[in-house]
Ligand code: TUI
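Just the one chain here, the form predicted alone, laid out as structure tokens.
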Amino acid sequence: MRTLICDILGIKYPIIQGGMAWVANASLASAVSNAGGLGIIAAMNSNASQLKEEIDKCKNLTDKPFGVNIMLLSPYKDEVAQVVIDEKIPVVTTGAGNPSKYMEAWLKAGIKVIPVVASTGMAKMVERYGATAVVAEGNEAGGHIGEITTLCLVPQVCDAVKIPVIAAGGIGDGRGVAAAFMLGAVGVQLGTKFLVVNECTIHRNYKERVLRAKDIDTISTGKRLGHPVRALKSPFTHEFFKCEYNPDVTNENLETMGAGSLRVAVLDGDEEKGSFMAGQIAGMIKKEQPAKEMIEELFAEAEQVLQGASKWVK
């Protein structure tokens, strides 16, 4: 199943792996790229040398294209923006901010820039700066989210820009992929589904939480701070949610409370203090499998759904 984005990125399947902080490392990114998708390394709060080390690992594990996600809230964003140029990374995705400051240099270096957007306004702005494509991410996604659902956001972004649109948020099987295409997207970005592939190196407790999740097992917190986050319900998220609506708790207290919570979930599997970020699609994920098997299965399902779509039209 090929679309325009496959030709643009040099990949077999129109799928990008989400740039999840502490999760999207060389092991996961290389597995996704080797399977025919576009694997992504998360720069998160890494400095230049840390990011370069992970890029080197990935280059040793795959000869296929892979990208780097740059979080624009990172204190090291200037130096990692240069690393992707120096290392000749073919694709950069961005999140948590405006990438326009770096786009001219990236584009001059031949990097394809694909910002993650949560509104038509941001999509139109990055298009003006030369973005190759955009990822329109609905608030069903895990991690940092916007206000609009995927079903509403994707077609509006498709209407607002002329560049290719990749759908994200709440996509976990072939039906979701087929629906994304029908909304006008030319590809999908998945995050939560990749948490349980064999090559993902997160703590076992994290994987088990995703596999056990039900449809109502995620919660969104942090809206008061201006950057809401979706995660699985846990002692940490319940406490954070309670404090968020306590006027005696300051924003600084909340920021301190949240700092490092994802790291301890990913690395330590801490059931009490960890933030197990995942999207609403977690309730549909019930098995572990290699990344290659997951991707092939996903698009086989999508093809089957699309081939059967004519039964609804008389």
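A residue's number is simply how far along the shown sequence it sits, counting from 1. All values derive from a computational prediction rather than experimental measurement.
In what follows, reference is made to the form predicted together with the ligand, a form of this protein that is not presented.
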{"query": "Contact test in the model of the complex: residue 98 vs the ligand, heavy atoms, 4.5 Å", "finding": "yes"}
{"query": "Exercise: residue 227 in contact with the ligand in the model of the complex, heavy atom 4.5 Å", "finding": "yes"}
{"query": "4.5 Å heavy atom contact, residue 31 and the ligand in the model of the complex", "finding": "no"}
{"query": "Partner proximity in the model of the complex: residue 109 to the ligand, non-hydrogen atom cutoff 4.5 Å", "finding": "no"}
{"query": "Candidate stretches 110-118, 169-177, 155-163, 75-83 - the one whose heavy atoms come within 4.5 Å of the ligand in the model of the complex", "finding": "110-118"}
{"query": "Residues 67, 188 and 291 all lining the ligand in the model of the complex, heavy atom within 4.5 Å", "finding": "no"}
{"query": "Answer option from 266, 41, 282, 277, heavy atom within 4.5 Å of the ligand in the model of the complex", "finding": "277"}
{"query": "Listed residue (71, 213, 200, 148) with a non-hydrogen atom within 4.5 angstroms of the ligand in the model of the complex", "finding": "71"}
